[in-house]
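This document starts with one chain, in the form predicted alone, laid out as structure tokens.
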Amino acid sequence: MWVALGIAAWALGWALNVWLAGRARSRATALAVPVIFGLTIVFVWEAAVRGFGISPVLLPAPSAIAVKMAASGGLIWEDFVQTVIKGALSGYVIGCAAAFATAIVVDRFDFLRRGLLPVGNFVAALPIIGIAPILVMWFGFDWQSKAAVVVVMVFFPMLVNTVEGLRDTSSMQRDLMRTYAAGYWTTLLKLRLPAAMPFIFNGLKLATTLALIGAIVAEFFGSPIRGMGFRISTSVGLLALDLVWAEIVVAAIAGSAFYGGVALLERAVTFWHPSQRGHG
């Protein structure tokens, strides 16, 4: 019965999304399509686990994960604050602010751009599992070392995007500013920074996912007895897969909300850009 219900739910969800795709695009339809698709996936997951009798050790049902989230709300909130607020968010703010300030200096002195950006590409290619243990040894086992990992992960992607954005003006635009006797800082504030905003927000959005991944993975290499990465690693050892999935769901919701908040801010700031035309 559960297998049949799963197939019926998938067919219904598919039909609804096809019907919505054929209607005029609006904010409501743009929101409805991913919501219906997500609910369909959850119901099919539930039906598959129940219909095929899959062991909860291998894959718990969404209903079991929801029950565990409700029962462990206090524990999950404590882990959320430790990992997302203290580790990921603080590292994100420090790393992105430092990268932006460095980009302004790099843009002012061309030799820094030629020397620093290749180093940035090298550091960005370093695996997090190699960086995290070193930074944990340097900064201790609490959230400060996780924030340091996040700073390293977000700094260079943000730096590269900002530097490229600052260079994204035509010679005609710069010549026009010179005809108005505009100096470097006036040109930067009135022309180049506004033109760079799409690049800057691209770096900020990329950094949201890197920040959360960095903070969680860094906790695998040393953490106090709290944190999402710590809880995932210890719960796997205890075969408490429902708690592992509960932490994963919270991390996914937090990451999506973080990214969505930056995307909404981007839409408000860069409403004039062609990429924002046709949104709602």
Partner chain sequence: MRHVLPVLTVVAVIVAIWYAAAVWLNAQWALDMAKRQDREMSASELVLDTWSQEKPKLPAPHQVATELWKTTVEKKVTSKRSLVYHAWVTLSATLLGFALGTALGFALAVGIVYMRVMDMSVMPWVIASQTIPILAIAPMIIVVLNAVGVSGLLPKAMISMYLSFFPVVVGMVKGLRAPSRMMLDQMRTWNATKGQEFLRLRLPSSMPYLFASLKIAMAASLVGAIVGELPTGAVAGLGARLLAGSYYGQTIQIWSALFMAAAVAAFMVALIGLIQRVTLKRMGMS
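Residue numbers count along the first chain shown, from 1. This structure is a prediction, so every number in the text was calculated from the model and none was measured. Under this definition, the rigid core comprises the largest set of C-alpha atoms superposing within 1.5 Å between the forms.
We do not show the form predicted together with its partner chain, though everything after this point is about it.
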Quiz item: Does the trio Thr29, Gly38 and Trp245 actually contact its partner chain in the predicted bound form, every residue with a heavy atom within 4.5 Å?
Solution: yes
Partner contact check in the predicted bound form: of 204 to 212, 143 to 151, 186 to 194, 89 to 97, the stretch with a heavy atom within 4.5 Å of its partner chain is 204 to 212
Phe109 near its partner chain in the predicted bound form, any heavy atom under 4.5 Å?
no
Does at least one non-hydrogen atom of Val236 fall within 4.5 angstroms of its partner chain in the predicted bound form?
yes
Q) Are any of the heavy atoms in Gly74 no more than 4.5 Å from a heavy atom of its partner chain in the predicted bound form? A) no
Quick check on Asn17: any heavy atom within 4.5 Å of its partner chain in the predicted bound form? yes
Within 66 to 97, the residues having any heavy atom within 4.5 Å of its partner chain in the predicted bound form are none
- Message: After core superposition, I'd like to know whether Leu264 moves between the shown form and the other one (criterion: C-alpha shift of 2 angstroms or more).
- Response: no
